[in-house]
Structures are given as structure tokens and as C-alpha cells.
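A single chain, nothing else alongside it, follows as C-alpha cells in the form predicted on its own.
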């Protein structure tokens, strides 16, 4: 007897797993004959065709143009937002990032809008996508404990992500997705005007400072983030709490980073 499936549930499962395209409408079994039919055209010598270099570059140029256009649109949107409330509404209405199509909710920043400390992660996870609030899952609960240990809670700091939408299946964001969404983060930092930035994981540090250094080399070092008003904020990178849940042996290093942040705040 054939098992019946709820189509909507199946599609939601595929989206969460990161599946974004189908191969064919009709399923089939790969017999030796079908393998020959499918594979043969791939291994047969291709007929030489003449194509100009401009044709080869066209696809890449089109993708780059779309990303650049979305980035420009994001910047224009940010320039019109003069408060966090206005920026949040602008991000909700923004259609230039495809991640919005697969996410359940837009996840904006949370916490004190006048905070002197801003925490930045990479992207929302499944729990955050459901609630629309950053860092509410297991990693968020660990982070809350870490911050509470140095006397800070969400009434004292502000927390956000590089991306306001969850990538399907928690996959790594593309450089294009990060580029398009980065203006939203930078505008949040302009509006909040913090003295300190805590970067959670290498991805957030690399995105904000446009580098490719691993978190093992970045963590524990004070960096300088330049604001549009000419002033600077001290930025400190540390391990992402999700990484600490998988690698408890690194918690001592993360605790050392917390103490460094605390000392800097107290001594100022």
C-alpha cells in the first residue's frame, strides 16, 4: 500500500534541508539503461563551438550586477532610516535578498538601543527564525550566561546578526548575501553608536572587517571599527557560542575574552 504524504509538510522539510531546485517532475529508478542514457551525454566529447569571451563572462557579470543593484538598494533604504524602528520596517519590506523567500521571519536586533556594547553573530538559526528574535536557542542561552557572568544582560547590550534572515538548512551564507545585508548591520551600528563590539565567530568578524582570518587568530585581539561619524569603537572577536557547545574545551579561551571585555568596560 502506498504511503500518502502531506505535500506542504514535504516541501517545508525540503526547504529547511536546503533543497531549492528539482531535477525532474517524474521519479524513476536508475537501471543500467537509464544510467547510460543520463551519463552518456556527459562523457561524450563535446562538439567544439566558437564563443566569444564576452559570452563566457555574461553570466558572472549578470550575477555581479544583481548583487551590486541589491546592495545599492539596501544602502539607499538605510539612508532613509533615522531610527532603529524605521530601519526594522525598511528591512522587513526589503526584497533584494532571496533568503527572505525561505525564512519564516525577519530577525532584527534585540536589546538596549542605547547600549555601549553590541554583540554580532552570523545569521539566525531555526529557533530564531521561528521567534523572530536573535540568539534564543541553545547557543543564545549559553551566551546569556556568559554575559551575565560579567554583569551584562540584554537590558545593557544590543545583539544582532550579519544576516537578518536564516539561510536554508543553516548553510553558510554566500558572499553575495553578506554583501547585500551588510548595510543593514552598519546602519544599526551608526544608530546605536556603541563603544564596544563583541564579534561572535569568525564569520561576523570577517564580514565586518572584510578579511579572511580564522577565528583562532582573530580572537582575543582588540580591533578598531571606524564609524561614519569619524569616531571608533573597540571590537573584540571570540568563539561563537554554537561552536562552544560542540567544543567545550574552548570555553576557557572564550571566558578569557569575556574578562578582557569586562576589564575594558570597567577601566574606561
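This one's a predicted model, so the numbers in the text were calculated from it and none came from an experiment. Numbering follows the first chain given and starts at 1.
Not on display, but discussed next: the form predicted together with uracil (URA).
#### Entry: Contact stretch among 127-135, 171-179, 109-117, 67-75 - heavy atom within 4.5 Å of uracil (URA) in the predicted complex
Contact criterion met by 127-135 only.
### Task
Have a look at 103, 198, 123, 192 for me and say which one sits with a heavy atom within 4.5 Å of uracil (URA) in the predicted complex.
So the residue touching uracil (URA) in the predicted complex, by this definition, is 123.
### Query
Is there a non-hydrogen atom of residue 188 within 4.5 angstroms of a non-hydrogen atom of uracil (URA) in the predicted complex?
No, residue 188 is distant from the partner.
### Query
residue 219: heavy atom within 4.5 Å of uracil (URA) in the predicted complex?
The answer is no: residue 219 has no heavy atom within 4.5 Å of uracil (URA).
### Task
For the heavy atom contacts within 4.5 Å of uracil (URA) in the predicted complex, list the residues of 71-108 involved, in sequence order.
Nothing in this stretch is in contact.
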